[in-house]
Every structure is written in C-alpha cells, then in structure tokens.
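Only one chain comes next, encoded as structure tokens, the form predicted on its own.
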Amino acid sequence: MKSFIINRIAYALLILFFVTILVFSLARLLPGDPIQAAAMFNADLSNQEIVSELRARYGLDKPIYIQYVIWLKDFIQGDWGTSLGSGEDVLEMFFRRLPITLELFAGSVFWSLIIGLPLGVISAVKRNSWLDAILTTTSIFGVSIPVFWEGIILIYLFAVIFPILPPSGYVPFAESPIDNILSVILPTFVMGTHGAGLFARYVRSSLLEVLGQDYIRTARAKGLREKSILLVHAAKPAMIPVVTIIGLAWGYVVSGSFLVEYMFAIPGLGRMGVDAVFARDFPVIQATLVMVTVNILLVNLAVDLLYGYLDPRVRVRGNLGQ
C-alpha cells in the first residue's frame, strides 16, 4: 500500500508541474496587455513611463521562460504576486474568498448525494418499471442540462414567479444564518445537479450488476429480506465502482462554480477568476487555475487511495505499473 500511495502522489505532482506550465503559457496568450488593462482602472497608469516601470516590476519585460521560473519559485514560497487591477495581494484575496467557495462546494455535494444516491437505488430496485423509466430520464436530464440554462430557469421560477429565494447575491453566515442558507440554495442546487445525475446512473448500473451475482441469489434462497440483502450484502460492493465517479463529478462541480458564481453574483474564487480573465490579471488567473488543479488532483488522489483500500487488486496493478 505504501508504494501504491507514493506512485499516486508522484503522478499527481508530475501532472501539477505540467499544468503550471500550461496555465502560465495560456495566461500569456490572452489578448491584450495586462498593464494597459490595469491602466483602465487607475489613471496614474496612463503615463507610458509608469507603464514601462510596472512592466519591469512585474517581470513582464523578461523572456517568458525566466518569468515562469521566477513565478513558480515565488508561488511555492507563498508569494502569489499582486493583482494588476486592484493592487491587492493575491494570496490574501484567495483566502478571503475561499470559505465562500467551500460553502458552495459543500452544498453541491449535499445535493448530489441526497438526490443521486436514492434515485440510483430506487431505479435499480424497481428495474424496468415505470418508476425506473422516470428516474432514469431525470438523471439523464440532470447530466445533460447546461448550467447557465438551469440557473436562468430556477431564478425565474423561485425568484420571479414564486419569490421565495433571492435571485443573486451572498449573505455571510455570521451576518445572518437564515439569509445565508437562502442565498446559497439555488447556486448549490445548480452545481449539484450534474453530480446527482452521474451518481444516480452509476449507482443504478453498479447495483444491478451486484444484485445479479450468485451470492445475492444464495442470500435470497436462504430467505433473507430484500432490505437486508440490499444494505448488508449489496451496498458495499456496489459502491466500489461509484467511488471512481466522485473525481469526475468533482471536476464538473469545480468547473461549474466559475459560471455559477458569476451568474448568481457570489464573491467566491470562481467569480474572482472570471473577473481576472476579463481584466487580463495574470497573477490572479494563474493562482486561481493552479489552485483549482490542486483541488481536483487532491480529490482524485483521495479517490485513488480509497479505491485501492476497497479493492486490493487496484493496489497490485498500480505497483506493477499497469
């Protein structure tokens, strides 16, 4: 197990290294000059001498490979740079907005599990029934629906026709717990819908496969109740393949947070990243994308380790380099 963990961590670090190169390069390919973009928000930057001085201060006058080495070294040491638009420290901006995004992530996972798991189990138990057809269609719809379209429909339904939820904005929990919960219901539901559809489909497929095994038929022949068979004998084996979907679903949640936070005016990391793209704010773009990658890699690493714990065959194949 130790060598399996080391291999997975090494792969994650290698992927992260290549992602930093890709992120740094893509940020430089954005149209427009970041210093000139910053000049739009600060009249003092309209002077060409000051613009040249700032370009030298941020290292933008150096070759791109030297810029990358300097940025990576500083980033690892905790110096994430300064926002070109606001002049704020990027690390401070990140930690100020992180709790908001984590709250959205927690809410989206809640919706994914509370909707997806029951739908998948009921569909498997009621296989080929009218209820199974309805739930399967619902899960496919949840996977397929575009985030922006779902957000618009939900805002129209629950903030316009039935004004029971705020259409946008965020209220901190410390300021008002009730208003905080109301402000995140719609965005977290939108973020969790795709994950719920994935969970429902894979839980149904995996559970049906397990329920067809010989030991399940033996348990039924012994007269065990269906509920006991489902919970005791079928649940754990059926969840092993589903574990692999967590990483995929999490990737959709993270990527969807950018659009959802922008749509609902949530001041989280996703909104910060989108605003940085519009402002050509290199330091913020790079920090946001790298930390998003770290987030996804950590979740997938945890999934790999959990899968290896649940299924020893995965550890053997991983140690053999397969």
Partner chain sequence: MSSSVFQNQSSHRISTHGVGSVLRSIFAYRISCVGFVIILMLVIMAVFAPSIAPQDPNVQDLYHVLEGPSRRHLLGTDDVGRDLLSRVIYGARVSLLVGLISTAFSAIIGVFVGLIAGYKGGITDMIIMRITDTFMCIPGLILLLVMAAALGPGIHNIIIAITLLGWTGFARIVRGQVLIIRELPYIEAAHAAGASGFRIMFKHLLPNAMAPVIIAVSMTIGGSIMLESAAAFLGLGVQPPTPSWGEALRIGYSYLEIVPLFSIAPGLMITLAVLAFNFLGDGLRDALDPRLRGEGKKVE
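All values reported here derive from a predicted model rather than from experimental measurement. Positions refer to the first chain, counted from 1.
Beyond the structure shown, there is the form predicted together with the partner chain, which is absent from this document and is the topic of what follows.
Is T218 near the partner chain? Define near as a heavy atom within 4.5 Å, in the model of the complex.
Contact with the partner chain, no.
Test of understanding: in the model of the complex, would I178 fall inside 4.5 Å of the partner chain by heavy atoms?
I178: no, not in contact with the partner chain in the model of the complex.
Taking heavy atoms only, is A287 within 4.5 angstroms of the partner chain in the model of the complex?
Taking the distances in the model of the complex, the answer for A287 is no, it never comes within 4.5 Å of the partner chain.
When the contact criterion is heavy atoms within 4.5 Å, does Y68 count as touching the partner chain in the model of the complex?
Result no; Y68 lies far from the partner chain in the model of the complex.
Among 122-130, 107-115, 184-192, 222-230, which stretch has residues with heavy atoms no more than 4.5 Å from the partner chain in the model of the complex?
Stretch with heavy atoms near the partner: 122-130.
Taking a heavy atom within 4.5 Å as contact, would all three of L29, L259 and M263 count as contacting the partner chain in the model of the complex?
Each of the three qualifies.
Pick out the residues of 129-147 whose heavy atoms come within 4.5 Å of the partner chain in the model of the complex.
Contacting residues: W130, A133, T136, T137, I140, F141, V143, S144, I145, P146.
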